[in-house]
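Take a look at this one chain, the form predicted on its own, written out in structure tokens.
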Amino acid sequence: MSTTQAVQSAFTEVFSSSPDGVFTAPGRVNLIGEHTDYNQGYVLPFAIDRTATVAIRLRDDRSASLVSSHGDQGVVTVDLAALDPETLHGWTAYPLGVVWVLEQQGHHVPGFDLYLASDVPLGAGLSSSAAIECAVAVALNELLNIGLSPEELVLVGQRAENEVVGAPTGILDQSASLLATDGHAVFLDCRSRESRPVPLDLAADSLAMLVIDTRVSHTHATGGYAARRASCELGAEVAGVSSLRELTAQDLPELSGLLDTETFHRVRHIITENQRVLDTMAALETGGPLTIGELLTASHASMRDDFEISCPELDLAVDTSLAHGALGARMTGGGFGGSAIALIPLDAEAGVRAAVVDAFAHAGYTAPDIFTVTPGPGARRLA
């Protein structure tokens, strides 16, 4: 049974009728460009073949009933007329956050029934939350004929994440989920919001992208992420610029005398990471994915040492992958847990997997979840 059929069947079982449509949106791997998005910089994510899928049926009233295949809450019913970000929590904050934002923008959203199924791992740094937001945004946009562009839906999802969920994220995650095309990464300029596809054909070079979910759960709404953002804002203020995007490596010597050590390290990561994104994009367009390994590994070192958002499990995943044949490896996502990615030759996959599992066991860590991902298409209607 296909995902579409499974979600349709589950919806019918719960709500005793057929949905008006089935919509899906992918999680993402950020190939490179971490914490650069809210600094108006550059990012290079790609959508993965792990998705959040929703079946939805509009209602005539203002009541929304939501159920998740993962949930133990059963059906959650809310009055949309009384929707308040302060009272939204748990997984329903993501779809209902989108509803709240659309209402704030003047779009009337009637009641609806919704069934969610997702195979994007939770807390793994693969943007399970944005996948839900984008699937719901695409669904409501189409079923209600709202007429928003994918780029406008990106901002709907970001606002839901910022103002309802409480995570001070940029536009990276929603952009990857909504703007991606099959076999490509999405180069995104977070200041102009311009984007374009960048070829990422792993199979042509007999490569695979391995995701190593450390099972160390993270949440963007906690203090580590907000503290890094505050450091970046302080660095920009002291440097006299509107965002760190305006600075380059040539500014680093002067900045080292203006900033305290910690803030300087945070700023140095952003400046060098922006350049690594540009270098990776150029390498992909001229030499293909075989040429980007060292840039990925350098990005991890910067996040580990300057931005300090890695953890022992992520470092072990990266170091072990590199020692057993990976061309490059780095943590991906907001940090403090989640996943690492490793770019590996196909013939090294079994060895890297086994080595990482053994290394985690030897260190006494929880066994990681390891799987490959393929650059896939963005959010869309399935049925």
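None of these values were measured; they are calculated from a predicted model. A residue's number is simply how far along the shown sequence it sits, counting from 1.
Beyond what is shown, the protein has a form predicted in complex with a small molecule; the following relates to that form.
Option touching the small molecule, based on a heavy atom within 4.5 Å in the model of the complex, out of 280, 128, 299, 274: Comparing distances to the small molecule in the model of the complex, the residue within 4.5 Å is 128.
Among the candidates 170, 288, 197, 123, the residue which, in the model of the complex, approaches the small molecule to within 4.5 Å (heavy atoms): If I apply the 4.5 Å criterion carefully, the residue I get is 123.
Among 289 to 297, 144 to 152, 258 to 266, 89 to 97, the region lying within 4.5 Å of the small molecule in the model of the complex by heavy atom distance: Result of the contact check: 89 to 97.
4.5 Å heavy atom contact, residue 310 to the small molecule in the model of the complex: Because no heavy atom of residue 310 falls inside 4.5 Å of the small molecule in the model of the complex, the answer is no.
4.5 Å heavy atom contact, residue 132 to the small molecule in the model of the complex: The answer is yes: residue 132 has a heavy atom within 4.5 Å of the small molecule.
4.5 Å heavy atom contact, residue 231 and the small molecule in the model of the complex: No, residue 231 is distant from the partner.
Residue 118: touches the small molecule in the model of the complex, heavy atom cutoff 4.5 angstroms: It does: once the small molecule is placed as it appears in the model of the complex, residue 118 has a heavy atom within 4.5 Å of it.
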